[in-house]
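Okay, so here's just one chain, in structure tokens, the form predicted alone.
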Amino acid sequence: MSAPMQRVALIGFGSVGRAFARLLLRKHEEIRQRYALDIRVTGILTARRGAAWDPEGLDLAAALTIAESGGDLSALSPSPAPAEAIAFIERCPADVVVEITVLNPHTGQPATDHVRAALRSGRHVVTANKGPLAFAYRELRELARSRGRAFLFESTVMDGAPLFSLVREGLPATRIRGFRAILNSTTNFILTRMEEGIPFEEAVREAQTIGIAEADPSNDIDGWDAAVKTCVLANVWMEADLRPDRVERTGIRGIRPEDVADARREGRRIKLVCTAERTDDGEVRARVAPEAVSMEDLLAHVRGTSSAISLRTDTLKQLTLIEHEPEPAQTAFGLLADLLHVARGHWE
């Protein structure tokens, strides 16, 4: 007996999208056997490599070869696919739309419009893009509920670490009162290297060389990426309605080698710490800023590209999760986990 098919459209096919394709190829038979599910990518839309769709499923191995050699994916499409994103989303033969385009931390676009269009057209949505949650979470959550569709986003914060599914399924009847976290791998790597005696500019170049920092690293260094992630967590977990420009934000651009050295002499380490707390009047206040963290604090021991978060709750008091040295494959795993949650109905 053939397994039920889950048809998936990918909006974006960069490093995460390609890592997801490789993971799906590796896990395809295991998923069929364990979950009686046949996941097929029936559409791929890219900004520079064309678009392709096939209701029977695209050849993922061929798509990877084409994308990584700089070719055009339209060669895989049995019929012409729209190059314009909204038209592609509305017409693609897919049950789930996976939004994995590049984040714009100042507007959340075009990802927010992509998610909105997918939900309005009756598709489930899985996203690794933080923008829709930082700028329009409440609206999109209600839209998904009104359409009876899933809106899942495990890969938006700390890659594929199961933050949201942990709270959704593992912490029933629990209120999150606040959190402290290290959420940006690039700045944590730079600060770690500065502590090891590497100048700031050289540490930035190293981060670019290993692929965790963009050619223009401002979104990381100036705290925008961390602020967007802080908004996502506060909006989802604490019923906040924050936007990144409402997060008190200080990046690491002003950290000097002597600041790092002074902190070490005092038995501390400088970290870019993200916090959110609910005040006595019910407001959620969020902050991203460098802190000289005591060595008794778990965050002081999060090194390199690793991330960590400590939740304060009304049931388990404090719960800490650490993700060690993530790679794009871990973000891809978060997408796969969300797709399995959609298929199994584990999304309310």
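If you're wondering where the values come from, they're calculated on a predicted model, not measured in any experiment. Numbering starts at 1 and runs along the sequence shown.
Omitted here: the form predicted in complex with another copy of the chain. The next part is about that form.
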Should R7 be counted as a contact of another copy of the chain in the predicted bound form, where contact means heavy atoms within 4.5 Å? no
According to a 4.5 angstroms non-hydrogen atom cut-off, is E291 in contact with another copy of the chain in the predicted bound form? no
Is L319 close to another copy of the chain in the predicted bound form, meaning a heavy atom pair under 4.5 Å apart or at it? yes
Another copy of the chain contact in the predicted bound form: R49, any heavy atom under 4.5 Å: no
If contact means a heavy atom within 4.5 Å, which one of 66 to 74, 52 to 60, 310 to 318, 282 to 290 is the stretch that engages another copy of the chain in the predicted bound form? 310 to 318
Does another copy of the chain, in the predicted bound form, lie within 4.5 angstroms of each residue among L298, E325 and R344, using heavy atoms as the measure? yes
In the predicted bound form, the residue from D241, D245, E214, E169 with a non-hydrogen atom within 4.5 Å of another copy of the chain is E169
Answer key: of R120, R141, R253, R175, within 4.5 Å of another copy of the chain in the predicted bound form (heavy atoms) is R175
Could you list which residues of 148 to 163 come within 4.5 Å of another copy of the chain in the predicted bound form, counting heavy atoms only? G160, A161, P162
